[in-house]
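So here's one chain in two forms, each on its own in structure tokens, numbered structure 1 and structure 2.
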Structure 1
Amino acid sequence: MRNTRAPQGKRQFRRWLCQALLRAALVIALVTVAVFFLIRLVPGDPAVMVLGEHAAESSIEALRGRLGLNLPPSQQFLRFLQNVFLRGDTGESIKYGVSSRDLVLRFAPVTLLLAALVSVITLASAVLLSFLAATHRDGLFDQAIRVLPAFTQGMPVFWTGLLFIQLFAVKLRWFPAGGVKPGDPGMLYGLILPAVTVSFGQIPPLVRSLRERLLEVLDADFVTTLRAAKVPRRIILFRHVLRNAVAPTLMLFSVNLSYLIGGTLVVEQVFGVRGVGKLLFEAISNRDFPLVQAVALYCAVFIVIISFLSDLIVRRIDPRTRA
């Protein structure tokens, strides 16, 4: 039995892996192409942006030549591809004059730490709250949990952020109200309140979906069998029920996390955090093409990795999704 099944499972896995990698490569390629041409649609000349409106015509021409902006867009694109694929080089930032990759890597830790904190807070609370609700079905807590998404879905992150700063940082003084810069010693501490704010909006829909799946699984025959076999309740809940129920919630969460990476600008703006979102926004305002491309490329790679990993995890814990 084992011998005949294992190779088939392996083949299936390889097939899935090939498809997933192909799709990841395509997504990154599409994002790269779209960003490259989209940013060039924006009116405004990078050389003029750096040198100022009143710079001499000759020096602007010289800078345009040095940046390769005089070439037709298709040739610029080929050059960009060559540099990225052959040397892993996304080019020099026009505004700051340093490697755009180094700039992204300098600001990335802040955003990544924020994403990690959000993941931990969101997933832990979602699992805990949905278990409490599902095991006390139709109780007061369960009913409160069910109406919560209606309240939070219309809460803009920046608005809850402003209120949370006022309450937790200004009034209660639990957290610093100031901003966070990359490399700050208090980076982790300063990112807790932003992470709580983001999680606050993400938890209710996750709880709603997980609670529904938990209730379905709790009604399944195998749970009755386990109960009859006197398997401890804790083990039934966390090893058997959770494993059967968590897949759709994880997929939903990975999409939310991707949106967070792409849309971290709002959180950064409200909390004065210097992260990738602000870097991107400033790069667009400055028409700093290489920097925009670098941020977009690294974000896309990271998001593709998240989605790949969550697919992989879901396949591992829930074999039914492997078909």
Structure 2
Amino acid sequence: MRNTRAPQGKRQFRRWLCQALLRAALVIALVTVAVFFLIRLVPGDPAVMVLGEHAAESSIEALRGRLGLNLPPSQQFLRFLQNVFLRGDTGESIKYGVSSRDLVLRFAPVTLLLAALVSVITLASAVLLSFLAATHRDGLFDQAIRVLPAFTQGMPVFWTGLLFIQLFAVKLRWFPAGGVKPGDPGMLYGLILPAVTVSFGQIPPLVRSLRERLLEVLDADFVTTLRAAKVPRRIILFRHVLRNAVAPTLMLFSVNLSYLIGGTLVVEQVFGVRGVGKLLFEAISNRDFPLVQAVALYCAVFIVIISFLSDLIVRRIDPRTRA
């Protein structure tokens, strides 16, 4: 008789997938509630903040009606949920007079490209430095890699950006000082220095985590067996050691993803990059709270999606996490 039951591995994956999707949906729901209420907990009337204290009362009431601020908080929240989950609409920008969703999507490609560059530079540098440190254990290079992060990780990202602009843009003239906009021909080249700035603070914890894990795997019995079998060193390191050591580092990277996105938004302001971060700071300066809501919500959804994909990759490359 033919067995129609799904294999144990597939059942485990389906159960994990359902749990992961449920967690992601719960996080997005909580973020949606927090984004709505935290902005409204700020003291003051948003309409007065936008128009000014000396604006006519009729203008203030008209803006309140346009933004739905004259409704009870419960009705405002229900309208917000309907617009977000049924129409994908996060409200109309007060300053620009267009959909905040369209504004975020217009500037998102620059920010996504910057975040991708940061991720590539961070992971590539962490793997390279960790390999050099682990394969030269207790040597001069290993000591330097273990000591330097204590200084670099404590530097604020905006301060690092200003130093890099002064050194690499003003003095050496290797990179532009900033001003990257969507559609610029040299956009990728112009984002290298901002990406390095964000990576500067993200690399140290990954290097420490991956180095410790590499040392554990290098001392494992199966590595000794592979060496005794005369397996080439590069195959041992990259096919066996790295695969067994990289999973915790990827999990740490996904946990630190919110800091990476936050650093990206700050660096956009420092380098004058016309991305979502620049848009967010302008929205805060102009008290454009629908636009602030939109940026916060879309960034949270992006972080949840990337974290889910990171967990999926870790589960794929490390069978021990499937238990």
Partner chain sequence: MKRQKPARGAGRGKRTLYIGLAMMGALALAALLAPAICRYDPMEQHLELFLTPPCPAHPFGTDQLGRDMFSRVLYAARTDLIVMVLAEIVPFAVGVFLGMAAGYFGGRTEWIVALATDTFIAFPYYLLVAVVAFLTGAGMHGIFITFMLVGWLTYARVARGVTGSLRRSEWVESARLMGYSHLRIIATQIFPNVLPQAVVVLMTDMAGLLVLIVTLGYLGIGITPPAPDWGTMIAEGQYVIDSAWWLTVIPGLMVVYTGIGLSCLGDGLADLWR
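Numbers follow structure 1, counted from its first residue as 1. Since the structure is predicted, the reported quantities are computational estimates derived from the model, not experimental observations. Basically, rigid core = biggest C-alpha set you can superpose within 1.5 Å across the two forms.
Looking at both structures, it is structure 2 that matches the form predicted on its own. Taking the rigid core as fixed, one finds a CA shift for Val27 smaller than 2 Å between structures 1 and 2.
Ser285: CA moves 2 Å or more between structures 1 and 2 after rigid-core fitting. Its Cα shifted by 4.1 Å between structures 1 and 2, Gly263 is reported here after superposition on the rigid core. On the core-superposed pair, the CA position of Ala56 changes by 2.5 Å between structures 1 and 2.
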